[in-house]
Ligand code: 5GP
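Below you will find one chain, with nothing else, as C-alpha cells; this is the form predicted alone, and questions on how it binds or moves follow later.
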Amino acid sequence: MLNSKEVEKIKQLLSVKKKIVITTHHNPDGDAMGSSLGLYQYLKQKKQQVTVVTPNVWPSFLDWMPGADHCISADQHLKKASRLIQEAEIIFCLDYNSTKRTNDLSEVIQAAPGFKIMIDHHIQPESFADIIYSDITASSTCEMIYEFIQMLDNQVNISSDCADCLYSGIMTDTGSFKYNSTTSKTHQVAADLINQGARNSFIHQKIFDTNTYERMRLLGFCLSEKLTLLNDYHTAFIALTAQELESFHHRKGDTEGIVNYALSIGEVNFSAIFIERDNEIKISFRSKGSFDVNTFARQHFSGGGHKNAAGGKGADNMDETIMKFIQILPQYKQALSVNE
C-alpha cells in the first residue's frame, strides 16, 4: 500500500490540470491495457490532460476497450510518443517493474523529467520511479488501479467505461478467476466493478469468444502438429516459426493463451510456447503448483514475471533455443514431479 504521505503527494499533483502520460510494457496484454485505460478514464473524469502511450500495438481483441482508439503506439508514432513522454508532468508506469520492458521507450522514460509513479504487481521491482506502488500479492495491476482510485477518492463513482477496462484486466490476468492469485478481495473488486457498470458477459465474449477463422486454424495446427509432450519432466511445449505464423495470416494476439492448452494436460506441470517473431524467439512459460517459472525464466531465458506465469526470450535460433530448454529440464526433474 502507499503510505499517507505518498497519497497526499499524488493528490496534490492531481489537484490542478497536468500533462499526464500513462505507459505500458511492450506487447501490452489485457492487464496492461485495462489498467492504463481504466486509469485514463478516471483521470479524464478529473479533467486531466492524459494520453496512453504503448511501446507497440496491442492485440486486436482489445480494440473494443473504451479509449483504445486514443492510444499512441510508439512503433507507429515514435517521435510523437517520445515527445509526449518528455513533455509530461506526470508519467504513470503501469504493469511493468523495469523500463527495459518498454523496449524503445526505456531511455525516453528514464530521461524524462516528469514525476514518475509505478503501479505494478510483478516481483523484484526496480527503483526508477519517484513513487513505487508494488504489490506482488495482487491478482493484477487492474486490481491495484481500483485500490489506487479508492485511495485518492473514497467517494468516487467510476464510470462504466472505467469499470469495463479494470474488469477486463482482472479477468485476463487471473485466467477468468482460476489462477491462485485470485483472492476473495479480487472477487469483491470484480463484483463492485460489475455494480458500477462493467459488462462482464460482454467483456468475456469480446476477449475470449471472438476469433477469426485463421486463428482457430492456427490453434488446431498447434495442438495437432506442434504440441510436444516430455513425460519424464511433466512438461509440454509448442514451437511456432515465423513461416508457420505467416501461413495462418498471423495477427498480434492470435497466439495468446495457446500455452495454457499445453498446461491443461493432466500430467503436465510446466508448459512453454516458443514463437519466432521480429527476428527473435519469444517464450511464454506457465506452471501448476509450486514450480516457479519466474525464477526459471530469469535464470535461463533473460525473462521473468510471476511464479506461475512468466516470459523470456531465446538468444539463438528456434532449434538451439528448444535444445537449450530440453537440456535444462533434468535439473528440475524432481521439482517438476510435484503438483501441489
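Just so it is clear, the model here is predicted, and its values are computed rather than measured. Numbers for residues come from their place in the sequence shown, where the first is 1.
Heads up, the form predicted together with the named molecule isn't pictured, but that's what we're talking about next.
- Comment: 308-316 is the region of 308-316, 65-73, 37-45, 52-60 lying near the named molecule in the predicted complex, near meaning a non-hydrogen atom within 4.5 Å.
- Distance criterion of 4.5 Å from any heavy atom to the named molecule in the predicted complex singles out H122 from the list H122, K116, H250, K226.
- Not displayed here, the named molecule is kept clear of K288 by more than 4.5 Å at the level of heavy atoms in the predicted complex.
- Among heavy atoms of R101, some come within 4.5 Å of the named molecule in the predicted complex.
- The closest non-hydrogen atom of S271 lies beyond 4.5 Å of the named molecule in the predicted complex.
- For the partner-free chain shown, K282, S284, R286 of 248-287 come within 4.5 angstroms of the named molecule in the predicted complex, judged by any non-hydrogen atom.
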